[in-house]
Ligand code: AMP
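Take a look at this single chain, the form predicted alone, given in structure tokens.
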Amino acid sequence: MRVMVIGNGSREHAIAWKLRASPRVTEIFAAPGNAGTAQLGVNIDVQPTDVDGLLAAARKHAIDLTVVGPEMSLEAGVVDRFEAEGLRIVGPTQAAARIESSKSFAKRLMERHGVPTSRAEVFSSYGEAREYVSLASAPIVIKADGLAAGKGVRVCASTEEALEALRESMEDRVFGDAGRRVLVEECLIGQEISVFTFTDGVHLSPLMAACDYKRIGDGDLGLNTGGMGSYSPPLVWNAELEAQVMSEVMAPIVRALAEEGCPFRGVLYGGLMLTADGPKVIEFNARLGDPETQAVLPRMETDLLDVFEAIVDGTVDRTPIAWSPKAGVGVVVASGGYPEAYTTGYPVSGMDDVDEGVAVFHAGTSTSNDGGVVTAGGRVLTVSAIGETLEEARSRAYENAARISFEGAYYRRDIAALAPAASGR
């Protein structure tokens, strides 16, 4: 089979890497891809939101199956177009993807169907939002309603900080149109985990879980990023918690989407807080997470192509998925200055020195004229390793991350260091 992966991040490189291991995959294409996907197959110069261009590329290259990586492609309606043209594609429709692209849609859906989540008010008027926040008690969470590359959430310790977050989102438009509407939410306290299921809209696969790190600095300090690292499985993850999350969160929301006329077919991601009152949903994503994918997929023992085809064919219930009992850890190596201003174009060295069994997934990279790899983004690479224990996986990831260098390279030193302390989201 000829498979096309839409996107250009570490998540997409990890998906392409896992698919390339399938004996049934003959060629891999990535649109637009990066220097890592170029080593696995062919990069196509089409952006993830160029639906016409993606459709033309699928036809030109006789693609048998397309896999959508990033959320912006789903919001652009790429799945709807491909399905209308009779092309096989993995991902939810534009309507179903609102579970991620509109936090207000997701919040109201959860409220209607009894899925546990935080209390929230939605505002389109800056004045009304400001008045509400001025009277609210901190800590409080301000969320941009739309897609903001993982950076649209701010946990505010004071009323003053919450008012600043409101102004930045609604008045200054630091998140563009994504912030013209906001949610003002109760702050949930507990341990945060990410939970994934593969679903064909009716059946759900057994769940897999991971933990990610959003803040730029050690100790979870500093600005939010797209994710600085992850590990899988969480230390708290067990059969009892999996059953509870499936029955209270994942299965009900899949049923809810189907009942409301937008069945969800793809990878459903639940960002959960394990509170004193049980698991509650922080947010849903409509695709595999980044950086969690880079820690999770190396643990998958099943052919990923089989899983993706089951989503399209409606046979998830007849497709067993096996996971290694080993732990996975991914450490993101970023450009100095990220998530604010940073410089690109620096040569990357040391990737040929990593140990066997350690994967280096590219994100913000491109190929230079001399065939080398140079930096081309904020999050540049994810170094992923597995081990018999979490500590072994962590040690391997950091030992190998230290061998990779480029000007201004930065990574957190505390990914998977110990069980996360209680946090607020």
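Throughout, we count residues from 1 along the sequence that is shown. What you see is a predicted model, and the numbers here were worked out from it, not measured in a lab.
Beyond what is shown, the protein has a form predicted together with the ligand; the following relates to that form.
- Per the 4.5 Å heavy atom criterion, the ligand in the predicted bound form is contacted by stretch 179-187, the sole one of 311-319, 82-90, 128-136, 179-187.
- Residue contact with the ligand in the predicted bound form: residue 282 places a heavy atom within 4.5 Å of it.
- Looking at residue 334, you'd find every heavy atom of it more than 4.5 angstroms from the ligand in the predicted bound form.
- In the predicted bound form, the ligand sits beyond 4.5 Å of every heavy atom of residue 344.
- In the predicted bound form, none of the heavy atoms of residue 168 sits within 4.5 Å of a heavy atom of the ligand.
- In summary, among the residues 208, 155, 115, 354, the only one with a non-hydrogen atom within 4.5 Å of the ligand in the predicted bound form is 155.
- Shown without its partner, this chain lists 121, 192, 200, 161 as candidates; in the predicted bound form, only 192 has a non-hydrogen atom within 4.5 angstroms of the ligand.
- Contacts to the ligand in the predicted bound form (heavy atom within 4.5 Å) from stretch 36-75: none.
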